[in-house]
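The chain below stands alone and is given in structure tokens; this is the form predicted on its own.
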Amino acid sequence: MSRIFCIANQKGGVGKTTTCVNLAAGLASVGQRVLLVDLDPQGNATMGSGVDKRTLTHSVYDVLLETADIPEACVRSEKGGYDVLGANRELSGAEVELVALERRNERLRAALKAVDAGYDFVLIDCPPSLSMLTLNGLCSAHGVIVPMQCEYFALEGLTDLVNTIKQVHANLNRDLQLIGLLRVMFDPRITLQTQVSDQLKAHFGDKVFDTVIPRNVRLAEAPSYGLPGVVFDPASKGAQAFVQFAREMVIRVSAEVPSNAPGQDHTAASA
């Protein structure tokens, strides 16, 4: 059974796509079978995986409209070592088209069920808004991984996101929970970032991942080469941090209580 995680944050520019692409490559490097789903019409996760979004025969757009299934639409990131269900500008139109369709929030969930046995992890890169696309991701997922910078405004955005997760959990997807907060672009020399990091750990406890992703130029350069940072420069501090994060994710998932166990709390409220 695959474990499905949304990489989400309603604030833009916090490293969602960088996290998604490098976590996928990191998980692949430690022997996991991974599918990356790009739900952002910009298609940055697709391009960052070395897949040209302009040449896609099928994309996540076709999967959402049920004109193609995932095995037909996904392509291989040869350098990353994982599969990609890519996105391009066609996906922008899906917002309008889905509104009139039945099961509009559950299209992706149904498609992923058909490939459940084929992957250990499914990572969904969500756009920075609570759109129909993001809702499809949240309705499909077992949990949400939140990349965030340790800055003041990031804390305000986090409150909104936690409330969104609670609402989706209550009304649409009882499996959804907050998996954890990943501190990204972290610079320990900046006092404010250290202070915000301490606040996160004090308030969210073990929901804050142990791994910290440092601010790293090589991670920023990698997309221009169509490569995950983990592949572009494996020796860089950023790449090594993402591989460590992948290992932490594998350990967390293997230690999880089964979802049907008595007393298991799926809500974000436990955070």
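Model, not experiment: these values are computed from the prediction. Sequential numbering from 1, following the sequence displayed.
FYI, the form predicted in complex with a small molecule isn't displayed, but the following is about it.
Within 4.5 Å of any heavy atom of the small molecule in the predicted complex lies no heavy atom of Val63.
At least one heavy atom of Ala220 is located within 4.5 Å of the small molecule in the predicted complex. Interface residue remark: Pro234 is not counted as part of the site for the small molecule in the predicted complex, having no heavy atom within 4.5 Å. Using a 4.5 angstroms limit between non-hydrogen atoms, Leu39 is distant from the small molecule in the predicted complex. Only one of Ala154, Val196, Ile179, Met185 comes within 4.5 Å of the small molecule in the predicted complex through a heavy atom, and that residue is Met185. With the partner omitted here, the residue from Ala246, Val34, Ile213, Val51 that has a non-hydrogen atom within 4.5 angstroms of the small molecule in the predicted complex is Ile213.
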